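Here's a solo chain for you in structure tokens, the form predicted on its own.
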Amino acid sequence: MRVLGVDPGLTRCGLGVVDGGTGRTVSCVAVDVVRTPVDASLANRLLQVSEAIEEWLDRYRPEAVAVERVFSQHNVRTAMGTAQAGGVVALAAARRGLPVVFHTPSEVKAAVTGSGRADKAQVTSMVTRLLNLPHAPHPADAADALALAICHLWREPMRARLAEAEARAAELARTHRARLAAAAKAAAKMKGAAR
């Protein structure tokens, strides 16, 4: 499976495409950072991010898109810009019918390093090692995008199996409730006929 990981942002938007093989093998296809000028209007910055995402979706043809979920940031303005960039990414993927999954920073860190509290240096180091890269991706946004793709490749199959099991359990519960209701109705009918 091929996944596009996106670390959204207006100043720097990390992009990373990773192919997943058998087991937990992963390989880097491409990585880059889209930069937009801070003095440009918000609309133009979002347009630049959108155009870059569209180009990457066309060029690399991922099967899924993993985006970092905006968690809590102290700077509301930065959080808003990050969320808006993430929305642009989700929209571009949705137009192509691609599944989009948002992962929290702690989910990504835990998947890649084993600790949800890992720092950026640890994430970058593990991404470099896992993808057998000749040098660490720079800046950290690039490494984070690759980490998002890896996280998705490793977590999504489990998440999909869990959702499938939950759906089956809900269906069994509905069937069981229907049988109980039918049995109660039949018992009440027999009781009424006996009178």
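Bear in mind that the values here come from a model prediction, so they are computed numbers and not experimental data. Quick note: we count residues from 1 along the sequence shown, nothing fancier.
Keep in mind that the form predicted together with another copy of the chain is not shown, yet the notes after this line are about it.
Of the candidate stretches 159-167, 140-148, 126-134, 38-46, only 38-46 has residues whose heavy atoms lie within 4.5 Å of another copy of the chain in the model of the complex. At least one heavy atom of Val70 is located within 4.5 Å of another copy of the chain in the model of the complex. Remark: Ser50 counts among the residues lining another copy of the chain in the model of the complex, judged by a heavy atom distance of 4.5 Å or less. Contact check for Ala83: a non-hydrogen atom falls within 4.5 Å of another copy of the chain in the model of the complex.
At the 4.5 Å threshold, heavy atoms of Glu55 stay clear of another copy of the chain in the model of the complex, well away from it. Along 80-117, residues Met80, Ala83, Gln84, Gly86, Gly87, Val88, Ala90, Leu91, Ala94, Arg95, Val100, Phe102 each place a heavy atom within 4.5 Å of another copy of the chain in the model of the complex.
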